[in-house]
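Only one chain is included here, represented as structure tokens and corresponding to the form predicted alone.
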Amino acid sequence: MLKLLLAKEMKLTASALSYLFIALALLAFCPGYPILLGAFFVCLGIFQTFRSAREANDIVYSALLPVPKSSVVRGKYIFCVLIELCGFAVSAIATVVRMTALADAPAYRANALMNANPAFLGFMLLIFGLFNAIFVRGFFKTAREFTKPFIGFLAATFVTVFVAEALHHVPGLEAVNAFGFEHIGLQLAILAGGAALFVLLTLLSERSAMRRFEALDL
């Protein structure tokens, strides 16, 4: 059942931008740029799917299928997570290249902004978790209105980007932005924390979204 719903999401409902914007995770290669915005653009691609789905009345169509309403929510969440993990994989590959072959590139050494390292990937997962918790969960409050949830996600994202970019400028926390494999233990701990928050925010918000959608009279 979920497999069929996911196939519907990927083949019928998904906007092409959801797939195209995965490539923007390659912003991890850009020096002098807040590379965490790559995660935001991946989420923006998913947002386009929700917008086009609303215009096509996809939620009502899905609710009329012989499946539980909770499965409709789960199908949307699985689609979002798959796109997010694809974007994460692209950024992870770019990060490995930057940490190895490009570790001593002058353009990156002179960069005052966040470096591509495991800490960056941890913050990226946090942004994906915030998208699921704020936007996707917020959408299922009405299954139609998404402006307020997206503005809420936008605000949370830019606060996260600001904190992440400022962190390594705090005395004693310079190791968060270390090059190559220096201080890899600390950075892996941040990655693990980001992964845990991503899973927690996604699972808890999915349950809440299911309850909201079950109570919604379409």
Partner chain sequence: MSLAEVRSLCKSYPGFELRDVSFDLEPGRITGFIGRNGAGKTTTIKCMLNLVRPSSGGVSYFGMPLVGNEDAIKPRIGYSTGAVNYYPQKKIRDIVAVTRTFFPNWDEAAYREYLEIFAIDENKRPRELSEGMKVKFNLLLALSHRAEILILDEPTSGLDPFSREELIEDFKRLRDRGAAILFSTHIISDVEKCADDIAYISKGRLAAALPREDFRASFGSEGETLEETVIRMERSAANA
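Positions refer to the first chain, counted from 1. In this text the structure is predicted, and so the values were computed from the model without any measurement.
Note that the form predicted together with the partner chain isn't included here; everything after this is about it.
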Here the chain is shown alone; which of L12, L203, L20, A195 has a heavy atom within 4.5 Å of the partner chain in the model of the complex? L12
Note which of V67, C30, L154, V163 lies within 4.5 Å of the partner chain in the model of the complex, where distance is taken over heavy atoms; exactly one does. V67
Verify the contact flag for N57: yes if a non-hydrogen atom of it lies within 4.5 Å of a non-hydrogen atom of the partner chain in the model of the complex, no if not. yes
So, in the model of the complex, is A63 in contact with the partner chain at a 4.5 angstroms heavy atom limit? yes
Partner-facing stretch of 138 to 146, 94 to 102, 118 to 126, 67 to 75, counted where any non-hydrogen atom is within 4.5 angstroms of the partner chain in the model of the complex: 67 to 75
Checked 1 to 36 against the partner chain in the model of the complex; residues with a heavy atom within 4.5 Å, sequence order, are M1, L4, L5, K8, K11, L12, T13
